[in-house]
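The chain below stands alone and is given in structure tokens; this is the form predicted on its own.
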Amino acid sequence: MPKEIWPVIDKPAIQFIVEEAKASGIEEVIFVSNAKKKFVLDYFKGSPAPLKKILSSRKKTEAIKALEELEELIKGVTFSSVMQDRPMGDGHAILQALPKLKKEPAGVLFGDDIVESTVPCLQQLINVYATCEKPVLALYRLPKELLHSYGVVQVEKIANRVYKIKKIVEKPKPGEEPSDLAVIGKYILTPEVFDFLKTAKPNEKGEIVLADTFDKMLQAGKSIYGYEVEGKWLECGNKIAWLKTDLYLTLKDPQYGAELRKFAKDNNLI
């Protein structure tokens, strides 16, 4: 199963991403996927008409509530998908959506990055874009010992939590980190970014990487901004990260949290 469909609490991880997008005012969602992930788009197309009737007849109250919440989420949002036949890097994946885009900025949200926040993370980036009208990257401060697994930025601070990006270093070696700000998989991309992606050449792994494209833009004198997001970054990109995210959010959940904390305490788990 693709990681974006792994359940977090009681719904697939990708639903958190769509909820973030809608809460940020997004009305059109384009999934970049492959043929094996067709059910991701199907999930957001709504449920067959008889389903609620069947659930009602079986008195499945909790399931009906979940179904109604999903139906409310997809109201006012159009969903479509484009195919990436084989994995050729995140930049290549994003480029597949270009035919569906107008000449306007687009929010890009990776399917395995959840940010728990009062103001939706994408909305935070939109607020920054409204003042600079340039590409905006979501940034998150991490302990030095974790930075080697991420893209890390060299920056110039220009306002509270707002930075001008000078350089992006992918997975820096210990001691070579340009800062303690890592890049989260959430961006506002402008049409100019897509112009650079169209001419990008694959790296030695045969991939078109978004971070490399940003570096090319910076070398060409283009401006890119970063925002240190407010909230908690939760990952689902591998099994242990997903388990931690699920545990964290489930223990905080108003429906399940109290009972699970009691269970853990009663069984000497905490």
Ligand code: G1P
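The first residue of the shown sequence is 1; numbering continues from there. From a predicted model like this one, the values you see are computed outputs, not experimental measurements.
Another form exists, predicted in complex with 1-O-phosphono-alpha-D-glucopyranose; not displayed. Remarks below refer to it.
> Using heavy atoms only and a 4.5 Å cut-off, determine which of 165, 95, 193, 183 is in contact with 1-O-phosphono-alpha-D-glucopyranose in the predicted bound form.
Contact with 1-O-phosphono-alpha-D-glucopyranose in the predicted bound form is made by 183 alone.
> Heavy atom within 4.5 Å of 1-O-phosphono-alpha-D-glucopyranose in the predicted bound form: which of 120, 151, 135, 107 fits that? Just give me the one.
For this set of options, the contacting one is 151.
> Quick one: is residue 177 in contact with 1-O-phosphono-alpha-D-glucopyranose in the predicted bound form, heavy atoms, 4.5 Å cut-off?
It does not: once 1-O-phosphono-alpha-D-glucopyranose is placed as it appears in the predicted bound form, residue 177 has no heavy atom within 4.5 Å of it.
> Can residue 225 be called a contact residue for 1-O-phosphono-alpha-D-glucopyranose in the predicted bound form at 4.5 Å between heavy atoms?
Residue 225 lies outside the contact set for 1-O-phosphono-alpha-D-glucopyranose.
> I'd like to know whether residue 170 contacts 1-O-phosphono-alpha-D-glucopyranose in the predicted bound form, with contact meaning heavy atoms within 4.5 angstroms.
Looking in the predicted bound form, residue contacts with 1-O-phosphono-alpha-D-glucopyranose include residue 170, since a heavy atom lies within 4.5 Å.
> Pick from 75-83, 98-106, 185-193, 120-128: which stretch has non-hydrogen atoms within 4.5 Å of 1-O-phosphono-alpha-D-glucopyranose in the predicted bound form?
The contacting stretch here is 185-193.
> Pull the contact list for 80-113: residues with a heavy atom within 4.5 Å of 1-O-phosphono-alpha-D-glucopyranose in the predicted bound form, in sequence order.
Contacts from 80-113: 90, 110, 113.
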